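Considered here are two forms of the same protein chain, supplied as structure tokens in two stand-alone entries, structure 1 and structure 2.
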Structure 1
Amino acid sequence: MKKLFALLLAVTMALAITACSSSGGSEDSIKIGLLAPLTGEVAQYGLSVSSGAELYIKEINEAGGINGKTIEVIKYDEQGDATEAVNNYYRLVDDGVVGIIGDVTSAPTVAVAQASVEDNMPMVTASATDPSVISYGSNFFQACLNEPYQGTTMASFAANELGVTSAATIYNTGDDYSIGCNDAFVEQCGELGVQVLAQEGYADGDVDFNAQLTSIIASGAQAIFCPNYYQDDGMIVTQARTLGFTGYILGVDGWTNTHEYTDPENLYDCYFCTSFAIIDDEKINEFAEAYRAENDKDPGNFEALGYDAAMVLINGIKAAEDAGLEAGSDEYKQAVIDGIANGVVEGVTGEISYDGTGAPTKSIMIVSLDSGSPEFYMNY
């Protein structure tokens, strides 16, 4: 047994060494890092983001790379764990990457953001919506819209466009994203004079929302704000409609696939804000087609944000390469960061620019599910 174990250990080490040497790369390539949970509880988000990012890198390389240099991606799995994420961040630094796409979920991203400040490492997260990830240093950028912005937008939309005067919320109390959106929504409702009649919580893994929805319906709220991920949202919509709720149901960008998780006839008067949805648009169709060709399924919000995060980082690297700086030097890193901060990219989730902070200035759209599938409603 011991011998077998020793043998296994030796094989693993040998493999690890070959892996290291093969990632050495040549002089004509630029190394960037990709940090994401590829296994474990949140693997679905990590896999989505990385497939989107890799699609963009592949397209860039096919188009000749940056000034003739190809982009090489070094990808590490952090399993959704903050400690693993920081360890893998240092591995990427040792590998000599010039910028990193990542991380994916908020808690590990906060840990990596704190670690990356010291190295002034250019980083772009596709999907960590927690506003604190950009608060540690000027080297960190988000491609996604943060939670307060989404919650605030939906409150304003409800009040100004739908004429709602009372609302209730139902959110996952075990998820920072849900809590962040919910708090912002409630605060903005207060500003706009919309009465929030009930705030109902539920726990991870719950499937029966009837008790909370009954309380909400009894409160007489005109709209239910439901800032969660699509699986839960689908069940909430089904149960709310079964209980006889006929008002508005509003969501945020976690709603992208909600229409696949409930019957179409339940989706009337459902709206959510997002920066990406598969709607009929030339740029989006082109992206969706390219994505389908590689992955054999439709891209969602995480895939689109991964694609755009890669685009933002590559845009910064272009600036540094054009200036002819030495890869990995302090000037190079600063040039990448400046390139991102001053650049404007035409992403699939909208035009992305940065207004002095790491949070993007980009348009947010409202998507209507009235017809049973996502349709562009308005820019907000």
Structure 2
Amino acid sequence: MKKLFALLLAVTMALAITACSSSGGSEDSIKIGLLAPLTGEVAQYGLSVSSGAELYIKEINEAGGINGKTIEVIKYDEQGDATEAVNNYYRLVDDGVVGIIGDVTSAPTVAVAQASVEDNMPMVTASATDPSVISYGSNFFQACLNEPYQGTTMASFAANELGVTSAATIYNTGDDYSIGCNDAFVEQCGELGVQVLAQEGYADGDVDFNAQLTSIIASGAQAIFCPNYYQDDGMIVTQARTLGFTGYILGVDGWTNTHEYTDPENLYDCYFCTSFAIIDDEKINEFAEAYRAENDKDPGNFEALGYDAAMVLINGIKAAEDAGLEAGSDEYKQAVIDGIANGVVEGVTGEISYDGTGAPTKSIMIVSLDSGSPEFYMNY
């Protein structure tokens, strides 16, 4: 009987410890989730975002955490798949996280955003630019600039700064990011009197863009807008220049590493908008130096946005902790959300605040590739 009682007591204590640790952390730690594609076709984006986010969490913990509590990160690989993303979201809920950084690309993020509403889970995506991700509930925030904003910005830049009066576009018809930026660019061109002479689409996995580019060149367009990711854009730039196009080639924040996928001599008159570039700025230089020390390479846009997404979430968590609320409770989660919505953070991608929606209020940067590598051109 004594042995049975001891066994029951041990089980009861174990369950009590488990319950405590699964509800937001412990007296000494706070659990947060990180959801990203760490393997698969879009792993480069997930790995970049997660490395930036984890650098910020490391810095917070080394500085004493939040009111003496360390941040414990639970990270799951959703492999770029929407179903896996939702499954892993519920794993994080079961793990007792108080907020989540993620997801990374738009389709999985949309799926997770819809799932997160019922739990009122505080979530911050570093890089999902689809404007619908913040439409399902007030719990979801973007650290990045959305597709309409980027497409509109590049149309205005082309017209007002470059003097472009005619343009064409080439975009991935199977990618929501590419479509969203393309549609916004075309609409803004119409508002500004810029003629869009051709809109050429291509499919995922295409590597030959000669037919589309030949049609664009024949149209006489002064500029080509390529709202795609850098592997495709590198091939498009190479093939456009080979075919004799000498006009402007414009992009959005998916262009971050385009210069690594084409020869430098092809990059004249190429511009893209982004939240981040390494420029002579004290805060950016400090971040870049810390990132290099940790990862032995320069950070890019996705790394910087991951860093800032973590900053946004931690700022909300600080508000809940300062209020003395129970981690994981409904009141705690709402306090995190309110802390994000009402807070301001000085990120490496600029000052980030929210004005009644989950979309950030922040500036956008135009980057030139004339020298063969990214260089700050102007804030826009």
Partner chain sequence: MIFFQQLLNGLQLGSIYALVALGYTMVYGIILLLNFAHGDIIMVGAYVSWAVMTRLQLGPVTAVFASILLCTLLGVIIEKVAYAPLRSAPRLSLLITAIGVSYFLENGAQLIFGADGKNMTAIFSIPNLTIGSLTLSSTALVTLAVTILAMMGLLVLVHKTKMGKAMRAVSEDMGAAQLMGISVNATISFTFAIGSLLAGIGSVLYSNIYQMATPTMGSMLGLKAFVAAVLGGIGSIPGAMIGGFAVGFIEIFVSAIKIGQQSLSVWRDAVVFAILIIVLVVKPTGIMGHKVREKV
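Computed from a predicted structure; not experimentally measured. Here, a residue number simply tells you its place in the sequence of structure 1, counted from 1. Rigid core (definition): largest C-alpha set, two forms, superposition within 1.5 Å.
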Choose the one of the two that is the form predicted together with the partner chain. 1
Using a rigid core superposition, the C-alpha offset of D298 between structure 1 and structure 2 in Å is 2.4
